[in-house]
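Just one chain follows, in the form predicted on its own, and it is written as structure tokens.
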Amino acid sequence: MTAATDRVNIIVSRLEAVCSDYIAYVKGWKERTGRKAVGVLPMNFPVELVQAAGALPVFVQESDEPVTDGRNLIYEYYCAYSKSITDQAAKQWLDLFDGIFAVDHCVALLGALDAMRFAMPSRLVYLAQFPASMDEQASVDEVDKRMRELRRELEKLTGAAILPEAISEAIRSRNEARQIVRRLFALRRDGAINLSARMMQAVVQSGMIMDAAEYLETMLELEAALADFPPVHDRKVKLHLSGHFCHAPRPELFDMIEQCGAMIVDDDLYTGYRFVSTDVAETGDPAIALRDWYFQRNVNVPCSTRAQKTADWEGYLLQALERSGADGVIILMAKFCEPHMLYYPELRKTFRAQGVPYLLIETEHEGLALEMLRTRLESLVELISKRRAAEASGQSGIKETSV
């Protein structure tokens, strides 16, 4: 192990510690600074407004703990993330936040917000509901209106005026961090750095939690350390991970994929490229820039939770596969995620038509049947390996695409 590898591992270990206990990080930050912390919910929240108010914006993370106290507050057929954040509220873990804010919605998240209001009567739980239909001028006007409402509520909560110059400074710092992480994604796609999927997720997920200045400093340190990090030397099966819009997949699932002889070269996960895909414009009115960012994110990386005629998720995925050279796709679908379930047939039809090998893995909160998944993952890797061998020998190849 080289000195560069040691240095990278130390930095990533710090980030993994933040992700493994985000509540502890928030408590420590509040004790150090004496400032307020605001819990925000996925997926498209403009955290720059919270930062400009002098508070710490933190995306509330799914907990590893079993759902117990909150089980009677939310339906069993809601997704893992909704059940987990409800349970955290019921256990009073989220009371350290001075308020909970959201702009996105689905049926499950709306239910979770109502349950959180019940479980946290002393805290503001506020929804500035952005429209999910992205093509109409009325949606642009509505986001402008909701953004103003959100800004007023944050000012009341923090007791600080949110000034345009403070928003602009928050935009600049977060853009710089996003650009660094995107460069890391590009290096991983090209095989120039051998960062595991577990490590890559920690890099992104920690940015949802940490103080912006501290996170940017860490990203600059990591990028410098990666300059001497070893590249990829083998020809493992290359895979793209897709889905999981609101919370982080379990790292042990990434480990198993890589143990089965594959390497993850790209993704469109929420705790992956999707989160850092889009910068906010640094010129003009920062409020308008944040509004435009909301719409541009779905153009850059389409999502089945948005309705937009000009955004095509399956087309995006085919382009992403061509860019990275990935041999196949693993679709990670959170159980009971209705938007993903409804869109999946379109993805499946496209992959079959284009001959793209794929595997659907449905994830749950309380554990994964890892050994059963191992068999399916090994089958996907074997399918792709046989196809590679057939193509190398000039044969027509394997026709199957799913396992």
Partner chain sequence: MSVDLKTKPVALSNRLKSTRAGGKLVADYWDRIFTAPERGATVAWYNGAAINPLFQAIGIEWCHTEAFGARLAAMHLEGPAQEMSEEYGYNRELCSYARTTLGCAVLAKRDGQANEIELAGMEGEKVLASRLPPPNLFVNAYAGCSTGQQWDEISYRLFDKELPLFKISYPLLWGNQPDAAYIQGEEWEEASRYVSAQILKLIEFLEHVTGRKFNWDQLHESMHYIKQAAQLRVEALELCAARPTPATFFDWVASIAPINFLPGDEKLVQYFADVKAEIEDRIANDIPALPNEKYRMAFDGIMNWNKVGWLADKFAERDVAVISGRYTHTSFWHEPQLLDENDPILGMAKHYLLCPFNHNARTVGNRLLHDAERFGLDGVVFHSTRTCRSASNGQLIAAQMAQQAGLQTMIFDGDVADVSFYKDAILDTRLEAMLEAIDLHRRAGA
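Residue numbers count along the first chain shown, from 1. Only a predicted model underlies this, so the values are computations on that prediction, with no experimental measurement involved.
Quick note: we don't show the form predicted in complex with the partner chain, though the next part is all about it.
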Within 4.5 Å of the partner chain in the model of the complex, do we find a heavy atom from each of Arg198, Val232 and Glu382?
no
With a 4.5 Å heavy atom cut-off, would you call Phe185 a contact of the partner chain in the model of the complex?
no
Does Trp93 reach the partner chain in the model of the complex, with heavy atoms at most 4.5 Å apart?
no
Please determine whether Phe275 contacts the partner chain in the model of the complex, using a 4.5 Å cut-off between heavy atoms.
no
Partner contact for Glu76 in the model of the complex: the partner chain, 4.5 angstroms, heavy atom:
yes
The partner chain: the contacting residue among Glu214, Glu258, Glu142, Glu223 in the model of the complex [heavy atom, 4.5 Å]
Glu142
In the model of the complex, the one of Gln179, Asn300, Ser173, Gln129 near the partner chain [non-hydrogen atom within 4.5 angstroms]:
Gln129
Just one stretch in 54-62, 371-379, 346-354, 31-39 has heavy atoms within 4.5 Å of the partner chain in the model of the complex, so which one is it?
346-354
Within 4.5 Å of the partner chain in the model of the complex: residues from 85-113 (heavy atom criterion):
His105, Cys106, Val107, Ala108, Leu110, Gly111, Leu113
